[in-house]
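So this first bit is one chain, no partners, the form predicted alone, shown in structure tokens.
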């Protein structure tokens, strides 16, 4: 009997199957409808992320509903094998404040893989709105109290959060019109069925450039440098001192996912965030690709923990909850 062969065979058998990760397609769950800003980020990211994952296929699965909590819950309960990931935005940190009965624990039920980008938001309105700049918009809002329809992509969505803070800052209430995703909300804004919306540049920049909607201001503390958005004033400089809402996206995996898979995905993510084409695409949409410590899992988690505390206080003050 060839004992040397047996010993070698035993060694091969002892090598964990995970060493070849990934061996099959990876699913990235996007907890919002197809065509929205988070979906766009996920699809752009998937194109470059696969290069660092043996060119394996990455499948985008849209699981919208309940402000992103349905998709997040699906990933939290998925098999922790490295083949189901979650691409989520700021809603990851606002859900604990918005939902009394959240089906997962944000800080306990996920593995953190890194922040992807930061996305400014824009205050926009229907094309035939009788206001051409922010100053005129404020006067129009004052003159039409009780008649203004403010669209958003649903409870917990970035547009909902921005709209919530906007109403607080302006000290005025608007009729909130929630949609099942940003795409249908934008469709009705384009059609003039709603008046205004506060949404990410990844969803508004193309429509603004085409003149299909009006843009009044950006939500960052500094003006943007993106062509087409660079002349817009900030809400802070326009009178809403301290107003600052930036949406970020992060990548997650179910708790308990093997370290080999987490390390592989994080390494692929860091490489993707340096990809010139990905950076170019994100910049064209007004987004800034992450290049700081938050691309590391531990710092990503610390950041989300701080954001959860911040937004929890703001949501509590507004008194807006979901069952």
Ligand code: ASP
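Note that this is a predicted model, so its numbers are computed, not measured. Positions refer to the first chain, counted from 1.
In what follows, reference is made to the form predicted together with this ligand, a form of this protein that is not presented.
Note on contacts: among 95, 157, 116, 86, the single residue with a heavy atom within 4.5 Å of this ligand in the predicted bound form is 157. At least one heavy atom of residue 153 is located within 4.5 Å of this ligand in the predicted bound form. Taking the partner from the other structure, this ligand in the predicted bound form has no heavy atom within 4.5 Å of any heavy atom of residue 125. Using a 4.5 angstroms limit between non-hydrogen atoms, residue 181 touches this ligand in the predicted bound form. At least one heavy atom of residue 200 is located within 4.5 Å of this ligand in the predicted bound form. Looking at 276-284, 29-37, 289-297, 263-271, the stretch with residues near this ligand in the predicted bound form, meaning non-hydrogen atoms within 4.5 angstroms, turns out to be 29-37.
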